[in-house]
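Next up is one chain by itself, shown in structure tokens, the form predicted alone.
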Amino acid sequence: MIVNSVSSGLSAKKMSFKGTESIWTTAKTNIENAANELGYGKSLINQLVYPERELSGFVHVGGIDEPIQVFRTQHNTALGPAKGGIRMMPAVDGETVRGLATDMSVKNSLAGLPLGGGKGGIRFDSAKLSPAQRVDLFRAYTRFMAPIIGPNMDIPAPDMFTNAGDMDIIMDEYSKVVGHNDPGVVTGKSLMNGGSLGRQEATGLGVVHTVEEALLKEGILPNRATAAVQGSGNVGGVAAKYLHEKGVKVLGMSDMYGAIYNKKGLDVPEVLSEIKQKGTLTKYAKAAKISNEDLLKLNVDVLVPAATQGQITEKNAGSILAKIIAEGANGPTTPGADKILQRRGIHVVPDVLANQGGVYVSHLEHIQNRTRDIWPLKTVLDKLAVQMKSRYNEVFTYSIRNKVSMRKAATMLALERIANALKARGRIV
């Protein structure tokens, strides 16, 4: 062995995925560990850890009694404009958004993109909004954030419990604010408003491309491999679909209500159809119902945690039986758990590598918006495949050469690029 999104129409309060550690704590620890490995001094480490700008406040929506708290963090823009999604959940706070923005700086740098890291948050349960209130909320969010967002400053996108329609509203409201149509202010839009073909499947499919490479390194053929996928939304559901298409036998899947298991393999298209029709997979008749915790411990070759942060912890890392973990979610593994997995020789493809497909195709959308061009699906997906496989192999080679984990290798590579940009700009103090 090698050492080394859910539907916006459902309530986030019902989620059974419960993280145990702040994503900001995890992101900060990962950067500090990698920066220390690189021999960076305290001053530079602080510039790589702490965000450049944070804006938070409250907006008001008709029919909603309480003010709604909103957030935006621009973590580091040495490589280019900030880039990152907007998450809407009752549990979202400034620390969560800061951690996500930090991860985006690392992810965008590792992806080789001319972008920095950003992230947004709306502290509210999306299920409580009527369609009209949802539109009003995103118009209010846009007006509040207009001074710090824009195609050359900070480019939002969808994240958990936000969607393409929300991005269309942001684009429309921002265009009103600046006085001209500007689709480049956000990515992840609908196709009719400047979105890119391939964006919806980009993150999940990108995860699968890294799984293919990891299986190759482990000497496992896809049609002999088994997998379990935690989460069944835009990342987990898409990943399960493409794993199934590539011959991998998916034994378990989950959603916010629970998990299912079939030792002979799930009919993934049928399961996804069940979710679409009934809103959950837990009523699927051709599988046993298990807990999300049990799903993580299944005896499979590949585990894809694609739900939320803090799922693999020091308490359960010793029980993980998968040979490969490909992190579809942001921060699903705590630092303490990561050490255990590394000691056990489990091949971890870290989130900043495994799930960068979404931001990569967002970058392609941004290019199309700026050039007023439209690329066919094959062009986008071919570019995605090349990107994911080449970045995986870059990190893998760096990991072997420097005798560090894949996570540390990915973070070190990303930090080197940011530090070099800071140095070239004369900003290292």
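Numbering starts at 1 and follows the sequence shown. All values reported here derive from a predicted model rather than from experimental measurement.
Omitted from view is the form predicted together with glutamic acid (GLU), to which the following refers.
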Partner contact for S362 in the predicted bound form: glutamic acid (GLU), 4.5 angstroms, heavy atom: yes
Proximity of T102 to glutamic acid (GLU) in the predicted bound form, heavy atoms at 4.5 Å: no
In the predicted bound form, A157 touching glutamic acid (GLU) (heavy atom, 4.5 Å): yes
Contact of T210 with glutamic acid (GLU) in the predicted bound form (heavy atom, 4.5 Å): no
Contact residue in the predicted bound form, chosen from G121, G252, P350, G84 - any heavy atom within 4.5 Å of glutamic acid (GLU): G84
Answer range among 215-223, 189-197, 266-274, 353-361 for contact with glutamic acid (GLU), defined in the predicted bound form as heavy atoms within 4.5 Å: 353-361
Contacts with glutamic acid (GLU) in the predicted bound form, stretch 311-331 (heavy atom within 4.5 Å): N330
